[in-house]
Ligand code: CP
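As a starting point, one isolated chain is supplied in structure tokens, in the form predicted alone.
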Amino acid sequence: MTRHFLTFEDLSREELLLVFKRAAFLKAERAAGRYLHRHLEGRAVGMIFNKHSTRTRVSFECGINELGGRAVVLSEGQTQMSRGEPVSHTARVLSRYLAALVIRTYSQDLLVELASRGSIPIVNALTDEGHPCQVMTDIFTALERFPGLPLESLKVAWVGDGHNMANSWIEAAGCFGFALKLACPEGFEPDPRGLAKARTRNPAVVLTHDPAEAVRGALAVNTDVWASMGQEAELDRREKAFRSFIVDSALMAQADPRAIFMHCLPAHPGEEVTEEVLESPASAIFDEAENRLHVQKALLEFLIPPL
């Protein structure tokens, strides 16, 4: 059976933990200058980017290369889908060429259709509804920073927009059972269906409109830009709504003294987070960026069957 990673629900908790374990191994191997595991030798992985990308593209492309494979990179405008070819046709054609397809786009429905019509793994590299690869990496990074901490004991705060990152954090908390408090401005809350579903599995998923309440006692404090790709026209309205949702030193002081700060990047210093916090010893932003490579390599190994 073909496996996909469109949301956290596509893999079991045990399988996700195996991905973390494998990512740690691959990271140590790479640090030692060894690239012994060529799982994708002689195979190609497609990547379609309909949104701008730095970390996602480079980390996936490097990871595919390091696993012995070749990345075939496209934008949707370079495919016949942009000229009206049915997604079902594209899915079946690409399945005959590629070992997997990584896609960064707007619509989650496009990924779902590609997965249902094709016969290769589809990986969600970001949609408007979720960013599971980033949240997998963030959890991996938090576990690195707090060695020996049971995952269920992690306390995570989300401050800002209830968008794709928040949705994936909610899915992850429902899966792993850690405490998650989200502080979002009124009118910018996450998908209530996903929130309700996660809370049936984990009542420690809490939504508030108070950043201090969300951050209090947290081990990991997260935020993101006020206007994501495609929302630039809303920036003025969002700046007013998010004015009291800035992660600064005073807000970080409400967290656990050991707390780390996390951001998927790119950041806008002086908006959602201060430069002081970004450059503080608590900041894990560049560890997160690096760890995208290791977690995604482990994920590709898991999803793509060996020849």
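Numbering starts at 1 and runs along the sequence shown. The structure presented is a predicted model; accordingly, all values stated were derived computationally and were not measured.
From this point on, the text means the form predicted together with phosphoric acid mono(formamide)ester, which you will not see here.
Taking the partner from elsewhere, N50 is found to have every heavy atom lying beyond 4.5 Å of phosphoric acid mono(formamide)ester in the predicted complex. Interface membership of R55, defined by any non-hydrogen atom within 4.5 Å of phosphoric acid mono(formamide)ester in the predicted complex, is confirmed. At least one heavy atom of P266 is located within 4.5 Å of phosphoric acid mono(formamide)ester in the predicted complex. When phosphoric acid mono(formamide)ester is considered in the predicted complex, Q134 lines it closely, a heavy atom lying within 4.5 Å. Partner contact region in the predicted complex: 257-265, out of 257-265, 36-44, 234-242, 275-283, criterion any non-hydrogen atom within 4.5 Å of phosphoric acid mono(formamide)ester. Along 173-194, a non-hydrogen atom within 4.5 Å of phosphoric acid mono(formamide)ester in the predicted complex is carried by no residue at all.
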